[in-house]
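Take a look at this single chain, the form predicted alone, given in structure tokens.
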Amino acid sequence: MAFDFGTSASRIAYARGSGSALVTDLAGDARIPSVLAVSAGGGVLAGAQARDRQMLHPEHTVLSIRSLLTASLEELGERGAFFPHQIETASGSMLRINAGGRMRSAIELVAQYLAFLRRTAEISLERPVHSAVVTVPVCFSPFDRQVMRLAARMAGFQRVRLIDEPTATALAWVASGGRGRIAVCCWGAGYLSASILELKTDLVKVIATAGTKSAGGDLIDLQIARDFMSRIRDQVGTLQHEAHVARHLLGVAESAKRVLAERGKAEISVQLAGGAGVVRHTYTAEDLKSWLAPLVAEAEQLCDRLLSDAGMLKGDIDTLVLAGGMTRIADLSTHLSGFLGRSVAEGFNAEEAAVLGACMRARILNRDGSDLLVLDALPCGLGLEGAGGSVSAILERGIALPAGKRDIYTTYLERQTQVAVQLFGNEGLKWAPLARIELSQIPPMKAGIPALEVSFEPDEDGILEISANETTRSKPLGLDVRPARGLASSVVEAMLESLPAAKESGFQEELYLELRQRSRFVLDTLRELARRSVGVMTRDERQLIDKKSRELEEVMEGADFAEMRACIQELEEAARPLMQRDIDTSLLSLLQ
């Protein structure tokens, strides 16, 4: 199975015949919102159902879950009411937020969402899903990737492989017949990732790769929402339910951004309660241009770095392939084309490319009718701190994966049993701390005698494996890696050991139980909604919803899985207009 775990939305694909097919949620949508809601009792709601209710329960609903793995406490804190969660970091590295009444780590929230995706796939296919190929942005460090793989294991996947988004997109391009030297830019809500690749009949080789988290589309949504929030405050003064209004405006801003990019003009209006009137404002192409300016500058630097690492000039590539929602903005695709010196490939499905390419990667890993060799590259150069604080490179950025390097250290004190080494990473122009490596259990000897051999081996997924030995006595050393962002190696090992083994029996029973629980949730939600909407439901709406509810109740205890899914989908479709009116009414009551 392949999972394109996106910042704003995710997609799932599986092999079908000689091609691939997309998995849909219970509403029949292949685009699954990356939204997670956690109740105080521990209940979890995800996807479209969580997104539709996020404005009513902002403090329990987390948006853009994947970005939590790379976000800092400072940048989230600056969002104010637009990120209405208490934030902290555990042990100075792993972000934790308050969701559902308690602090939860980013890895726990990511794991819960991935578990939802896994279960969605199982419900659709009616079979267990134990393995996954998951897409990641290029700028994920080796330790971000380690956390992502661990989260997937916590979600119930027994085998997990990662693939960079541009590499996955390139595989989809290969499947469509593409060959030659291409540049791929994947620009979505959270990240910008780009690679230059060589495509041949039997080989996909990454020549250079680069990425940033400072240019995602979420930043534009936040700019629009903040601007409109200030206009509401100017008209009504202090808002009593600021977090609810802020969450609503983020959704409105995302839609306005798309309209603005397509038409050059977008109007946002919000009806105020108590006869206070309407707050309305029209945004123009000039507004969008000013908000995009810093993102364009970041993209230009990234493309320059990409060409430099590849040893190329503008125009040296054959084709430019784009993927991700931000590339639908014509100005941005024009800028990327100018930066790299090639026009954009036409007729390519930019929305589904990454997941279809990841599915192709899964086929290759399973040796399912393909001998295509995929050689990815290390996106982050690795270096070690030396005397005077200087950093010496041990693995260059762009080296083919898997790779490896060994370095020898020694002690500086008599009978010294511990040594610490600082690991740095370089994604662009400067080195930044990645992790502190602590060696222990060194045999007590004279200073300078021990030969401490440390091996650095990034695997095919870009996850860094570190091992250490004392070679003069052939003795393994104690090792603990403490990332600047992520989990210490000792914590990762303990968490992996505590994971339960996969259960082969009882799958069908668990699957039916899961679908029945989701059915009951839909029915209970609609009953409560109908109770609140006695005066606003039309007779036709009530009759249709009652009819579809009875049909779902009748099939819930049966064994026809497809029929149960179809009934849920039909009931949600029938209730959608009523649910939207309820959300609009709730928002109006909050603007008092």
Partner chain sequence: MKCWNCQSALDEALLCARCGMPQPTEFLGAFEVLGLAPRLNWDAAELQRSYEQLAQKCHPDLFWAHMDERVLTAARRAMRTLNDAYRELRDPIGRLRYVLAATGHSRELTRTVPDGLQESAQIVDRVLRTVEKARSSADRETWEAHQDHLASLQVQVEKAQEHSESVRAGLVVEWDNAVGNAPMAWPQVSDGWYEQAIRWLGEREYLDALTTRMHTGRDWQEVSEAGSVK
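Positions refer to the first chain, counted from 1. Since the structure is predicted, the reported quantities are computational estimates derived from the model, not experimental observations.
A second form of this protein, the form predicted in complex with its partner chain, is not displayed here; the remarks below concern that form.
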Exercise. With its partner chain left out of view, which of Pro433, Gly448, Gly251, Pro402 would have a heavy atom within 4.5 Å of it in the predicted complex?
Worked result: Pro402
For this session: Note which of Leu125, Leu203, Ala484, Leu239 lies within 4.5 Å of its partner chain in the predicted complex, where distance is taken over heavy atoms; exactly one does.
Result: Leu203
Seminar exercise, completed: Only one of 195-203, 350-358, 279-287, 324-332 sits within 4.5 Å of its partner chain in the predicted complex by heavy atom distance, namely 195-203
Exercise. Taking 4.5 angstroms as the cut-off for heavy atoms, does Leu260 touch its partner chain in the predicted complex?
Worked result: no
Problem set entry | Close approach of Arg96 to its partner chain in the predicted complex, 4.5 Å, heavy atom | no
Exercise. Does its partner chain get within 4.5 angstroms of any non-hydrogen atom of Gly188 in the predicted complex?
Worked result: no
For this session: Would you please decide whether Gln223 lies within 4.5 angstroms of its partner chain in the predicted complex, comparing each non-hydrogen atom pair?
Result: no
Exercise. Is any part of 454-485 within 4.5 angstroms of its partner chain in the predicted complex by a non-hydrogen atom, and which residues would that be?
Worked result: Glu457, Pro458, Asp459, Glu460, Glu465
